[in-house]
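One chain follows as structure tokens, the form predicted on its own.
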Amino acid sequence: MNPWERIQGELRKALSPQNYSTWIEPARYGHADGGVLFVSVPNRTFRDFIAQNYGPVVEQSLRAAAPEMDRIEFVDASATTRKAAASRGAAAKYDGKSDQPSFDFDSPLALLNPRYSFDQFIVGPSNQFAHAAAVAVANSPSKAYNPLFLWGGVGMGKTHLLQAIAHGIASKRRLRLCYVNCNQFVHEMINSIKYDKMISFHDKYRNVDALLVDDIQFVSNKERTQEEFFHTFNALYESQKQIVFTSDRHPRDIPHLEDRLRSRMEWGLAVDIQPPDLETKVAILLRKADAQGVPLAEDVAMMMASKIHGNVRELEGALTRLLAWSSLTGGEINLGTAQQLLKGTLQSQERRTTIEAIQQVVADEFRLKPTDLKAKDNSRKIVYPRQVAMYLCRELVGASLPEIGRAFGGKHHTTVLHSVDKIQEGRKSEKELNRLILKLTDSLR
């Protein structure tokens, strides 16, 4: 594991998932020279944004994960590309205005993780349909499913499949490919408006053969962004170009999404990715350990898969800890060692809040019975506590909307979504509600 990968492990814990995936994950290890770690980022926007917003946390992560290095130097990969283009007589593609955003197509795979390929994706019952649809799109862009909409919880493999599609398309044909995280799209659009570069912005996103957008749910509440996506979608779809989206929820469940954009997202195929079963999690652990060249006993993988109930990223984080220990000490990873090294993680998993515990605590607070929260009773004295409980289930347990609905007497997932959104919005202005949520949260930990 190179120094940058170790540092990324620290940054993943320090930053929110969306900020990490947008700004840190695309960065690539370059080389180390004289105590300086050189890391390549897609363009100047990335380099400046990381320096201005994440400088202190990057330095802290450097000291924690790679103390042998003195500092990190982020290198603008697009500048290197422009120099190469100039040497080929293609410098006219760059206007020399370095303070303005530039959109470069010479490196369409610059944002992709080389490990996110179909070969490295573990297929199981929970993701088999999504995997098959992704392979079909990669093999026949704009002919199989268009648009393709992949949705599911955090750490279920949506980004992996999206990038695998990109790798598949790029490896088979000379097509203009654009892969972007929704937050990056928003950031580029804002800069384009600021610097009067909307023509260049439209050229980038509306003149491609395949547009792949990660985390499209972040267009929620962004009217101007939704308008741009709407027109971009129309331009590409009418030209029979491939469009792929990922989201943490189905298009119909994305709040504050314009109906015209929602309907277009549902034109093709929307397929969900469920949490992996035990056997799939074991296979993931064994495959990733093998990729690192470190043997992992099956009983260790079974223990981890059965005791770590979070998403795949949590499972991978635990494995990274074991592999780092083995790499640094040369020790063998056996069951006893794994249990000792992961003691804190396993204990936190055992203490993890459950839906049943939330229902009991909320019922006690409102002097109800847990069964009251599951009843078909829509009176105010039941609906409000139920909404609070559903919100806590989403926030503290991370349960899916259908899972929460089933736990509350078979409520439809749209009812759950409405409840979660209502409590979330209420916390912004209602001090009593906010205090109640904090009180209940503390009692559950």
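Heads up: residue numbers just count along the shown sequence, starting at 1. Note that the structure is predicted; figures quoted are calculated from it, not measured.
Just so you know, the form predicted together with adenosine-5'-diphosphate (ADP) exists too; it's not on screen, but the next bit is about it.
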**Message:** Taking 4.5 angstroms as the heavy atom distance cut-off, pick the stretch from 326 to 334, 259 to 267, 233 to 241, 280 to 288 that is near adenosine-5'-diphosphate (ADP) in the predicted bound form.
**Reply:** 280 to 288
**Asked** So in the predicted bound form, does any heavy atom of Q226 sit within 4.5 Å of adenosine-5'-diphosphate (ADP)?
**Response** no
**Close approach of L373 to adenosine-5'-diphosphate (ADP) in the predicted bound form, 4.5 Å, heavy atom** = no
**Asked** Looking in the predicted bound form, any heavy atom of P141 within 4.5 Å of adenosine-5'-diphosphate (ADP)?
**Response** no
**Prompt:** Using 4.5 Å between non-hydrogen atoms, is E316 touching adenosine-5'-diphosphate (ADP) in the predicted bound form?
**Reply:** yes
**Message:** Each of I122, T159 and V312 within 4.5 Å of adenosine-5'-diphosphate (ADP) in the predicted bound form, by any heavy atom, yes or no?
**Reply:** yes
**Prompt:** Out of Y116, Y145, F218, F201, which one falls within 4.5 Å of adenosine-5'-diphosphate (ADP) in the predicted bound form, going by heavy atoms?
**Reply:** Y116
**Fill in**
Residue within 4.5 Å of adenosine-5'-diphosphate (ADP) in the predicted bound form by heavy atom, from A170, V75, I190, V154, is V154
**Prompt:** Taking the shown form as reference, are the C-alpha positions of S220 and Q52 brought closer or pushed farther apart in the predicted bound form, with a change of 3 Å or more?
**Reply:** farther
**Complete:** Distance flag for T225 and Q52 (Cα, change 3 Å or more) in the predicted bound form: the two residues are farther
